[in-house]
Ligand code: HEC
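Read the single chain below, which is given as structure tokens and is the form predicted alone.
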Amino acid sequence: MFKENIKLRLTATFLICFLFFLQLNAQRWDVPADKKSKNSYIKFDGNTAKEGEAIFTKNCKSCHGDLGKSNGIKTMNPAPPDLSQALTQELTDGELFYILNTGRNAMPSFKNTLSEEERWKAISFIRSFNNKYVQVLSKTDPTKSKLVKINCVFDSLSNKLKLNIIANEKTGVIPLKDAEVSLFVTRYFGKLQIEKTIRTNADGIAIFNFPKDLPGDKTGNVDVAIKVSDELYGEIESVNKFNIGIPTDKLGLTQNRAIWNILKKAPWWIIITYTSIVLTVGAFLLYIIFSLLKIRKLGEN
């Protein structure tokens, strides 16, 4: 009996340790080596931390909770960690930036919803809970982004959009090689990404296969957003209008009667139902007031 109890305890201890290891491993990220060394071009200080707190509160607090209080959502698997703790603070700035960019499981990618500056400011807020943190600034010069030019050529035969990304330096024209390029089309409820993010070649060229069935406006115009991220020149975004969509003569979503529209353009059934409820409640309140007055009059008599 004693030996059986020992075996049960050892088995239980092993299972607990194994589950703890799985939980810990689930929170670790496999970050590429070249991403770990990335640093911010923004110097972290009290102002950037304050701005980062507002960004964190809006986008991260609902899951991670208040930093330093370990009050994040516990029911998620894996549970979002308290980002002020050692598990997060031991990561490099590049790893934190990669995590914000990539996302995983329930955590979304913030690469296309937050600007690079906003992402770094969120990290600045997270680092403000680490007294031992020493920042290493990046060599990226954000002012250099003004030197970047994105040339676009659309081949209607192959339906490919060719981007040539260059920087007009004083020493001459320099192609941005190995820069990350993402392509988006503006839709009613956000941006639709075209293909996946790709890198430019040695000549600063990136080629995207554009959908042949993407609706445009009445004349086929489509608003295309190009987002470039380069280690030296930073993040550059350009929005252009191209006549490469299918001409679509349809009323906009805000021109029809719909539940998301203003009151004047709400569906008739909603207007009638709402009006009926208001009139019914109003009539009921008048009836109660009339009854109370009648009771009061009877009491006086």
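On a predicted model such as this, the values are computed, not experimentally measured, just so you know. Don't overthink the numbering: it's just position in the shown sequence, from 1.
What comes next is about the form predicted together with the named molecule, which does not appear here.
The named molecule in the predicted bound form comes within 4.5 Å of no heavy atom belonging to T200. The shortest heavy atom separation between F110 and the named molecule in the predicted bound form is within 4.5 Å. Although the partner is absent from this view, T48 stays clear of the named molecule in the predicted bound form, with no non-hydrogen atom inside 4.5 angstroms. The named molecule is not shown here, and in the predicted bound form it never comes within 4.5 Å of any heavy atom of N151. Not one of R187, L192 and P211 is positioned with any heavy atom within 4.5 Å of the named molecule in the predicted bound form. With the partner omitted from this view, the residue of N164, Q85, T102, S115 that lies near the named molecule in the predicted bound form is Q85 [heavy atom within 4.5 Å].
Note on contacts: among I174, A79, L137, I205, the single residue with a heavy atom within 4.5 Å of the named molecule in the predicted bound form is A79. The partner is not drawn, yet in the predicted bound form one stretch among 221-229, 85-93, 129-137, 165-173 has residues with heavy atoms inside 4.5 Å of the named molecule: 85-93.
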